[in-house]
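Next up: just one chain, as structure tokens, the form predicted alone.
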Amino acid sequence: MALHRLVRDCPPLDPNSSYCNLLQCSHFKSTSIAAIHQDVLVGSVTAYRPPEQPDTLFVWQVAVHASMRGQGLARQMLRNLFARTATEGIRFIETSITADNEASQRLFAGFAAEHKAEMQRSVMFDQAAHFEGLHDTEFLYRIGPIQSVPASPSTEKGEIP
């Protein structure tokens, strides 16, 4: 329920059902990460490997509690998650982002730059064709191939600020 509450409190993220969040925490636990501060969930990155793309990690949602924003927590969680999954053959990161979500665009552009990897953008789900006009177009961002994991003191220790 903590993940459900965190996502709910992080607009513009689309809230999922609590059941969906439980599935994310159980079925995708090896490809997701959580940040706990003073026994409270303050951040998470939920992700999975698309079945037809075993070398790709699709980042479903990045959530950071308002009290922890501006401290690089999302970047550190993404770094740590990639460092963990890169040893399992992940060479590409994908995510979908709406045009107005500038924070996510900066996060993933920074990750691509940090890894000196190409980032491509294309339409994933179109507002008219897929959402009947009820949701903004989701753009697919694909980063990679990613050759290395940049070393940083906090990544090496596995710590999240």
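Residues carry their position along the shown sequence, with the first being 1. Remember, it's a predicted structure, so these values are computed and weren't measured experimentally.
Note that the form predicted together with a small molecule isn't included here; everything after this is about it.
**Q** Are all three residues P50, I90 and I93 in contact with the small molecule in the predicted complex, where contact means a non-hydrogen atom within 4.5 Å?
**A** The answer is no: none of the three residues contacts the partner (heavy atom, 4.5 Å cut-off).
**Q** Counting any heavy atom within 4.5 Å as contact, can you tell me which stretch out of 50-58, 27-35, 98-106, 119-127 lines the small molecule in the predicted complex?
**A** Comparing against the small molecule in the predicted complex, the contact stretch is 98-106.
**Q** Check L73 for me: does it contact the small molecule in the predicted complex (non-hydrogen atoms, 4.5 angstroms)?
**A** Contact check for L73: yes, within 4.5 Å of the small molecule in the predicted complex.
**Q** Give a yes/no on whether P145 approaches the small molecule to within 4.5 Å in the predicted complex, heavy atoms considered.
**A** No, P145 is distant from the partner.
**Q** Using the partner position in the predicted complex, report whether R69 sits within 4.5 Å of the small molecule, counting heavy atoms only.
**A** Within the cut-off, so yes.
**Q** Flag C10 as yes or no: does it have a non-hydrogen atom within 4.5 angstroms of any non-hydrogen atom of the small molecule in the predicted complex?
**A** C10: contacts the small molecule in the predicted complex.
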